[in-house]
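Presented below, as structure tokens, is a lone chain in the form predicted on its own.
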């Protein structure tokens, strides 16, 4: 024999009831089937609302009654298309509805509703739905019988949450089904009768409980709970899109998951079938072929130590502490007795080994009551300063890892806390039972989504790590980076197990945010239609979304953007800076960014500040980490200046070469930024700082080769005019180098704690002499490389290589 329970959504309409009948066609032929049904979806809440209005003397309760009636009439009309089939059921439904109306009228007249009356009122929902379904089965030629559960399940007089008398109940069920030969027996769930023949209800999850009681009494082969989801999930699918149904669970795992927020199952439901070791299946009425979740005495050994991740919201954390507790017995007893007297349930408990404090979690709504009661109970000790007044923290949640096999696997808690720490999820309290079936942590409610997603990724999606990118500055380099992310997405996901998602885009005019990830096929169109750009607004979105593994990427040269890095780092959002302003600005600001990066476990990378896509800073950091020390740096760090001087000669005007460099994207829109040498000065400053030296930009000696006319030009157009006018000056520089059998290179140097940049004549045979095109070269002289330097050489300018350097920084962060 099987017991099938169908919830409110499963019987919420004629269409859904027909789905139930299809399921019964498959289930009932092989064995006798007991069908337990809830009220039609939403009816219980409507009954409560109508009764409250009636109790308050509001005549509008009649409107609610009309709505309840019309819902049932509509279901009947759609199920019973033939007049001869519908007469009987219509009379029965109308009779029940008339009884309900009389009861509501009575509540309205006396303006009062007792728990006993409430139970009688609520019983109408299940009685109506079960009656309709039973007669539908008869009309479709099923061999069916109806039995009122109130005749079988006997309880005490604890109305609204009655306790079952199992001795009488089991006897009634046994006698009933010994005589019952029908293939299908339909019963209403949730409702029962007291030993004094009064209507009672079984409380929260009552219909599931009714089904479990019947299954246990009948020694059923299985209890099936049919609902609107395909079983119990690895975590809340509303918060974690990658959540998936769990194929098998043990009773204990199911109870733990249910207790910690899995709404599919209410813990007491499991107890009757647990005692009889009857398997329980949770199935989806709307996807009957889906496997669902099977709950048995022992779940299958599928190799996964963690079966699910659950959470409870609206938690208050309360802490009783004080030196007067240490070594004094009885504090815990008094504390918990005080809470018990107030009927406050404790969800989580943890205590310090020093006995200096006891910490426990309760529901938010109980916090004020608990605080008053505890401070009153310990008033004497508080007055003597032996105890502090109870400390209350609200707006918290509990997250829990659950699994029978966790105790046999080392490092589960370590992975859990490491994952949360990397995502800046602060843990307020921890509890773990001796069975090691549950590891619980109290966190801020605002961090729940991020915590569940990151933990789910760690324990159920270890093959793929999601990286969420917020990019500001989508000009030439930004566009190339987006193209690289799009082009390499599949490769990175397959080979590096990384899922790169662009969640935010911004330029100087508009910004675009999409929690599901921006489709890069038409990002320009989407961004054009985005909202007005705002640096603070972009930050606010990144903070509010609170996504795991978030990265902010600055591809601008804007000082205001550089000043907002600390706000990202404080939210544990990593920062990648193509913008050199932050790292070459004030030393104190640079050092503060480094400190924030460490404090909030958020990476701060800026590889493209020097050498575009060349691994200059990364190599330097590896040298320092290995214990090496930088003694001297010599470098050509401007791809644009190298391009200019490689193409400038006696027959080619300096003006024309600079113009070409600008048009091909090797210089900034204002070439003076490159030609003035300030950009190179910033780069050598960054390398000096990364080498451990404390310098400011003004400490870098800058030897300018441009004429005064060029530097004083009021516009880019005027600047180019000066290049024509002063061609003789630039030709003189060129001919001097030729006469000395040398090449012109703009060189950055750092030695003995001092840095300088300027145009140099490089003699033949020097590593810089044959540096071609837009290439950069950096030579590190260190204690390990004192005579033959470590050399890094390659393309140091251009949108593609700069984008490549940014992409490499993203991968570095992702692999951390």
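For clarity, a rigid core is taken as the largest C-alpha set superposing within 1.5 Å between two forms. As the structure is a prediction and not an experimental result, all values here were calculated from the model. Numbering follows the first chain given and starts at 1.
Form predicted in complex with a small molecule: not shown, discussed below.
Heavy atoms of residue 206 reach within 4.5 Å of the small molecule in the predicted bound form, making it an interface residue.
Put simply, residue 39 is close to the small molecule in the predicted bound form: some heavy atom of it is within 4.5 Å. By the criterion of a heavy atom within 4.5 Å, residue 69 is excluded from the residues contacting the small molecule in the predicted bound form. Among residues of the shown chain, residue 782 is not one whose heavy atoms approach the small molecule to within 4.5 Å in the predicted bound form. Only one listed stretch (90 to 98, 550 to 558, 206 to 214, 628 to 636) carries heavy atoms within 4.5 Å of the small molecule in the predicted bound form, and that stretch is 206 to 214.
With the core held fixed, the Cα of residue 204 is displaced between the shown form and the other one by 2 Å or more. Remark: with the core as the superposition reference, the CA shift of residue 484 between the shown form and the other one stays below 2 Å. With a cut-off of 2 Å and the rigid core superposed, residue 48 has a Cα displacement that reaches or exceeds the cut-off between the shown form and the other one.
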